[in-house]
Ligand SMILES: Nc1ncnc2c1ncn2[C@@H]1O[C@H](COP(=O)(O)OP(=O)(O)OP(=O)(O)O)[C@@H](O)[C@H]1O
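Just the one chain here, laid out as structure tokens, in the form predicted alone.
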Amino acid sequence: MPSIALREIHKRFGETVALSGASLELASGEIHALLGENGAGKTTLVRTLCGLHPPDSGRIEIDGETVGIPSPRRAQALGIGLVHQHFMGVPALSVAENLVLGEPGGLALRPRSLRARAREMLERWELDVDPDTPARELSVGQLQRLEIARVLGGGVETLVLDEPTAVLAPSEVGELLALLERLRDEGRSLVLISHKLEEITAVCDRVSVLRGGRTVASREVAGLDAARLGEWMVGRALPPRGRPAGTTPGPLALRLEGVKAEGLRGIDLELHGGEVLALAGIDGNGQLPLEELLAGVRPLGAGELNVLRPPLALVSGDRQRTGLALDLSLAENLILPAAARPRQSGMFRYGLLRAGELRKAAGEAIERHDIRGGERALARQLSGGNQQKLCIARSLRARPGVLAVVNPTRGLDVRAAAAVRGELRALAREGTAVLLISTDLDEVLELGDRIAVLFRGALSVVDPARRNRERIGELMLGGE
């Protein structure tokens, strides 16, 4: 008998049907993968288990007994914890303070006791940071590990992880997967949502596949490969990945000469129209400062930054914090840049938004990018993958001469990720200069016509004759 079962779960948000009879059985001491396309209902299903979205119908069983889980507090009392895709702590608080958030009297501990407790938790869950460091100073990967440590500190026996490796560098993924195996060996049960099929085949015991809000398959992982899992997920075979023939570089489109800013140390970079320049690196080595410099929100300390083929469009590396206005609709987010240039956009007349043009633009973006959600849906109501597709759709509306994208396929399912990679290649073929900043080494190798590596704010160009994982890995770790 499974230790936890969700049976025939239905959930609707307004006109949107998120779940229509989804089921999941989780046995004690197993890692159970939950797989599905963006918008398939994965996050909604696990949030039902964790008390965030009580089901409209269906039932939840623990050891064969039907239980109600109307709130996260009740889920925690039952030993169930959720690690979200995005950091849910308080950036202004220290690491130690974030670790005890939600614990009765946790923030009332004396500083010495708080630090001692934090060090114990950090050591147990293998996070090497100073307890007094403000959370806002951590990298995205460190924030994810902090979130895991905080949830585990509550003594949970059933841990749900929603895309935990989506924000981790390749070197950090192996460490996290090893931690998950350790937790399983200690007797905990884990639900892992991931679009990275190789991770599922590497560490998971069972897999359930959602499609359109329903469970369409559930079986042991043994004997399955990534291709078979992908076919289950989308209903047909996935196209093979591979690096296409490069394009012929065109005129110079972007030049950085001796660029220095907080977090950057003398960046020299030239990007031509019709090429993809891929910047690899472990998160926290200058990606955010470079993104903010290109966005115009971080001051240039020294050197020159010249956009020779405007406009420059940017897809942020953090769709929730800086990529979207979460309380605006899908359509409103799509035309935010037009609101800054109302006379040139054609979206406004006499200072008033043209509703028909807004609906037309939203409809075209939804169809072209397969965004699951109506034009009136709030951005925060979209799944993480559909939020990412919205950010990409908005950047492409500007018809940029230079497109800078930061981790563009993070959180996307394999089919959506393939579509985004295809769009980036097509843009380069049409003459757009594409600057790809990615912590996904496979993505860098697949897309980059040229490759460079960011390490501690400095840039190292990869010799084309040594274009391989080993050499790039050396540079990512600071090798000469």
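Source: prediction; values computed, not measured. From 1 onward, residues are counted along the sequence shown.
Just so it is clear, the following notes concern the form predicted together with the named molecule, a form of the same protein that is not shown.
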| in the predicted complex, the one of D283, E163, D370, E291 near the named molecule [non-hydrogen atom within 4.5 angstroms] | E163
| query | Of the residues T158, T201, S94, Q381, which one places a heavy atom within 4.5 Å of the named molecule in the predicted complex? | reply | Q381
| task | Could you tell me which of 61-69, 445-453, 419-427, 33-41 sits within 4.5 Å of the named molecule in the predicted complex, going by non-hydrogen atoms? | result | 33-41
| task | Answer with yes or no whether A18 is in contact with the named molecule in the predicted complex, where contact means some heavy atom within 4.5 Å. | result | yes
| query | Can you check whether H195 is within 4.5 Å of the named molecule in the predicted complex, heavy atom basis? | reply | yes
